[in-house]
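Below sits a lone chain in structure tokens, taken as the form predicted on its own.
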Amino acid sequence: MREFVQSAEKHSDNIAIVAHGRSHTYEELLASSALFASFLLKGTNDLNEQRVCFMVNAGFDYVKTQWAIWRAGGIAVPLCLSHPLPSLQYTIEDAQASILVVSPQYKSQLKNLAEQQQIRMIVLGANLKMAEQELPTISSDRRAMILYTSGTTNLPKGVVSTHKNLQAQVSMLVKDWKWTDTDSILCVLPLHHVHGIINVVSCALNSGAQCRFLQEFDPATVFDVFKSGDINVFMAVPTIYFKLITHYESLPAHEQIILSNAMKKFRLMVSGSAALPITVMEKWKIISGNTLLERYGMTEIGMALSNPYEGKRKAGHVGMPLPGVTIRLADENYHDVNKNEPGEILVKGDNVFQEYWNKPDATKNAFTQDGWFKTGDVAVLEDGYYRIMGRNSVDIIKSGGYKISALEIEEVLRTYPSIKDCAVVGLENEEWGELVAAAVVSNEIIDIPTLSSWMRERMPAYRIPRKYLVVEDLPRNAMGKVTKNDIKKLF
């Protein structure tokens, strides 16, 4: 937190946040977060790592609350705005929160739970009487944040990061992606996830740059902001880029030209949180003039790999290790794989999280005996660039003795004329171990034998899906990532 405060003091007159039609300077952010930190402390000297859950709308209030929790010595636990009450209750109870901060519209949703759990509830915008007090000195080894993983196979786990972890995650991106205090970024991502919190908001505010917020994603509004010329950096998930492309293609030619000219002035556009289809990358380059920078990371490590800011960005690849990150590819016994062979990504560095909250066994199992974090993702190193083949559990299909990358099959399927999107999974099968199956999104009737023949011309027979299912859309989580266990259920 110290680095954020120092940078804010250095850039006190700069605009830090633009939201709800208002602009807020770094000086205002420092003052408001200090005052709210005092309110959280309530006369005590230090929150001493009390967990503070907060369900706050994107914008100035969100950042003020986050910074106040850190400055008061608490652990910030952001809640997903779209989660139903049972999911919110699980997070609040698992984190053992003692304080709950909410925007006014979430008060009724959480009021009874707070009373039942005897949690101090603070509603922003209410008449909060605050007197500023001296704030504690926070050491870098203290816990700073708990983010809950998506929990596609088990109940979500709380990923605990220290202030040192967060600063490492931010500083490596600021350095590698050339952030400066003249940058301005638009945030359209949810703020209970590392992508929005670290890559967008924290990198901007650690650089003295400006962060603009939209309350909800809308392609037309995003493009209006692009045309204004007020931003020069943009980060999103592949689903968002897909929706922006679809909206762009619906516009009249003269509007497309205006928009394309505006986007060519951006210095950086990034994609992450899910595999970027090559077709989306190529289309986006045509309409925006920008080659999307694809990177690789996860809740437990922030970012670990990135295509270069300057230099070749390789389609279908996530680049090379970021500064301060060490990567190994290992086999099932955690021995290094041979050159050009796929292996599980193992990570070391100050960016790696400290622990899973109150889950010592899960924490121990997440690391090798010599301290490497086991990501569960499989990759191969090709000409200095890492290519993600998928997650061990859902994207690597073991069929007939072969290890098959679902992502590679998806890339080919997406080039079929009438397929808009797809997801490939492995279905349990006595004969093959797993059977390759594909759910495809299309508005047209697809002749499966014709599609199978088309695939056989492009891939070995053992990779060809044996089952197809045509669907209107693919199930996704809050970050737009396809939930493949839900795909399996469709079959």
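Numbering starts at 1 and runs along the sequence shown. Worth saying up front: this structure is predicted, and the values here are computed from it rather than measured.
Omitted here: the form predicted in complex with a small molecule. The next part is about that form.
For a residue to qualify, one of its non-hydrogen atoms must sit within 4.5 Å of the small molecule in the predicted bound form; none of His83, Pro156 and Gly311 qualifies. The partner is absent here, but in the predicted bound form a heavy atom of Phe217, alone among Phe266, Tyr385, Phe217, Tyr334, sits within 4.5 Å of the small molecule. This chain appears without its partner; in the predicted bound form, the one residue of Pro78, Gly297, Gly208, Gly73 with a heavy atom within 4.5 Å of the small molecule is Gly297. Taking the partner from elsewhere, Tyr402 is found to have a heavy atom lying within 4.5 Å of the small molecule in the predicted bound form. Among residues of the shown chain, Val194 is one whose heavy atoms approach the small molecule to within 4.5 Å in the predicted bound form. The small molecule is not shown here, and in the predicted bound form it never comes within 4.5 Å of any heavy atom of Phe39.
In the predicted bound form, the small molecule sits within 4.5 Å of a heavy atom of Thr239. Of the candidate stretches 56 to 64, 25 to 33, 41 to 49, 428 to 436, only 428 to 436 has residues whose heavy atoms lie within 4.5 Å of the small molecule in the predicted bound form.
Legend note: Cα of Ala461 to Cα of Tyr385 is at least 3 Å farther in the predicted bound form than in the depicted form.
Panel note: the distance between the CA atoms of Arg387 and Glu434 is smaller in the predicted bound form than in this form, the difference being 3 Å or more.
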